[in-house]
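Coming up is one lone chain in C-alpha cells, specifically the form predicted on its own.
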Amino acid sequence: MKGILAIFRRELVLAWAGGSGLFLPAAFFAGTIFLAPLGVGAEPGLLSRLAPGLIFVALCLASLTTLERIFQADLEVGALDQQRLSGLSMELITVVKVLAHWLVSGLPIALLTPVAAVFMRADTVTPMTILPVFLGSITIFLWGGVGASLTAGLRRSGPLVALLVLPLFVPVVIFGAEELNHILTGQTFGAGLTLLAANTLAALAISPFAMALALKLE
C-alpha cells in the first residue's frame, strides 16, 4: 500500500503541475456553457431543454484536453518501466493514475454542474444534480485512460485519443443526459442512473486490464 500511495501522491502533483490541472478542463467546460446561449438564443425554455445534453457534451470535450497526459510523460522518462519492476500490479497502478487525474480534472467539472444548470435556466437545481455528472466523469476518465494507454508512445496523440474514446462516451452521454433531465425537471431518479452506474462498473472492471495490457506492449 505504501508504494501505491506514493504513486498516487506523485500523480496528483504531476496532474496539477503538468498543465492538466483544475483550470484548463474547468475553463473549457465553463466556456462551452457560457457560449451556448449566444449561439442558440437566450429563451429560457430552449436553454433548459438543451441543458442536460449540453452539460454532458461539454464534460466529454473538456476531458479530452487532459487524457493524453495520463501515461505519456511517465513512458518518456522511464517511470513506467520502474513501476513495472516494482512488483506492484500494473492494473492497480493504472487505476491510481486515472483516479489522480480525475480528482484534479474531472471532479471540479462535476462540482460546477449546479452552476451550469442555473446558467442554462434549469427548472430545478439541487445538490443531486452533481450525481449523474459525477458518475459520468469517472466513466469517461476510465475509458479515456484506455485510449491514453494505447497512444502513450505517440507524439501529439490528442486527436487519436479522441477518435478512440469518443464512441465509448456515447452511452455516458445518452444515459447521463437522460438522468440529468429527470433531476433538472424535478422528477425522481429514473432508469438512466442505473444504466449510468452499470456503465461505470463495467469501465472499472474492464479498463484496468486493458490499460495494463496496452502499456506492457509499449
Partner chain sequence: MFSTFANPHRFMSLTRPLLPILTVVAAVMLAAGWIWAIGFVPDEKYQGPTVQIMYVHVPAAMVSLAAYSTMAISSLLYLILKHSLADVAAKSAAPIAAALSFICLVTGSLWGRPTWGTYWIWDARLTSMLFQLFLILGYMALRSAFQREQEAARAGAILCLVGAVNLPIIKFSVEWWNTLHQPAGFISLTGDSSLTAEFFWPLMFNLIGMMVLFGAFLIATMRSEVYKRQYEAKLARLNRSTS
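Residue numbers count along the first chain shown, from 1. Here the structure is a predicted model, which means the values were calculated and not measured.
The next section is about a form of this same protein that is not shown, the form predicted in complex with its partner chain.
- Contact between residue 63 and its partner chain in the predicted bound form is not found at the 4.5 Å heavy atom cutoff.
- Proximity of residue 183 to its partner chain in the predicted bound form falls outside the 4.5 Å heavy atom cutoff.
- In the predicted bound form, no heavy atom of residue 197 sits within 4.5 Å of its partner chain.
- In the predicted bound form, residue 204 stays away from its partner chain, with no heavy atom inside 4.5 Å.
- Shown here without its partner chain, the chain has 163, 164, 167, 168, 170, 171, 174, 175, 178 in 163 to 183 lying with a heavy atom within 4.5 Å of that partner in the predicted bound form.
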